[in-house]
Ligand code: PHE
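We begin with a single chain expressed as structure tokens, specifically the form predicted on its own.
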């Protein structure tokens, strides 16, 4: 078996963890949900939920990962030998590979749109052709499959480099660039004529919209935004060196994720309002509305519109890749450590699995659109399975394991680096892990099913 690697230092840990957290959901979901749920009031609730709910779950995964020094399955075998906890490990190896399978389809869309932007396809063409491009593209057969294949190949290429030369190096290179790109787009968007409505949409507090559903929505956004419940943070946690400060790494990751989500809001919503378009949720916001906006801007200054479109879809692609590699690594770490595979063989097997499942997801918008599982398309069924069931269940089990299965002394020993760090903050963190986080996850779980 190949020698196990570790992240190089604190900055590497934060950038890799932040890369796992920052993804497409920050860009297409957060801005719309924030505006619809009370603007600035929602953002306040979201920030609180990130630190009170999501961060304790994040700490639970990193504690399990670093304590065991193993993949998700190996961690449960080491820390609860001979028990059924190993099935939680198995579930959290399977679930990120399923997520990656359909996530890579959407990542492939970003590849296609970047190519389109580089070819200046969003400027100087009739608006009606722009508005219909997305539906024509995803319902076709080979173009989205090719884009999905390219995205999987890019992700696999990074994973082949290993922890230090692949994941760590890619994160250290791309995360600063990612923040720079989103800031550039946000500044441009805010400066557009008529952009004030988008700024108000995001920031103007409307406390009348705050309800139980709003709080559940903010908790769900915080939970999913940090990539919790699918073993990615556990796996990355197993690469953290023993001398690193888990409190600093966790808070740094949460701050980076929140900051990017808010910046993404300012990059998108002011431009949407400047163009006089009603904001929508989901992939349509990014892949239908924004190309139309770039086209509309291009009527005045074509080259500026073309450059902004290139920068924007490059940002989308990088954000998608940083999250994809964390999901990919969960399966690779399992195969290497539990099955004795080389990194090359493990990468090939995980990549092939995700490509095949992703192929079915891609075709579910076109030739397989008539195939339904419990009334849902293949893509929507897998998304619902993971988002509504597997991810919340995984997060719940991790918090219960740390809060109730592990001894308090072992948890404190790991979190405080043998009682050298974070001793004053540990009682609060442990209380949140043991009591608050499980209740919050149940609320998220029920809200996904009922709201």
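Note that the coordinates shown come from a computational prediction; the quantities given were computed from them, not determined experimentally. Residue numbers count along the first chain shown, from 1.
Form predicted in complex with the ligand: not shown, discussed below.
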Region of this chain that lies against the ligand in the predicted complex, out of 52 to 60, 413 to 421, 396 to 404, 25 to 33 [heavy atom, 4.5 Å]: 25 to 33
Interface residue in the predicted complex among 122, 224, 109, 260, criterion: non-hydrogen atom within 4.5 angstroms of the ligand: 224
Listed residue that, although the ligand is not shown, lies within 4.5 Å of it in the predicted complex (heavy atoms), from 155, 249, 326, 238: 326
Check all three, 104, 149 and 317, heavy atom within 4.5 Å of the ligand in the predicted complex: no
Residue 234: touches the ligand in the predicted complex, heavy atom cutoff 4.5 angstroms: no
Residue contact check: residue 433 to the ligand in the predicted complex, 4.5 Å heavy atom: no
The ligand contact at residue 64 in the predicted complex, heavy atom, 4.5 Å: no
is_contact(residue 13, the ligand) in the predicted complex, heavy atom dist at most 4.5 Å: no
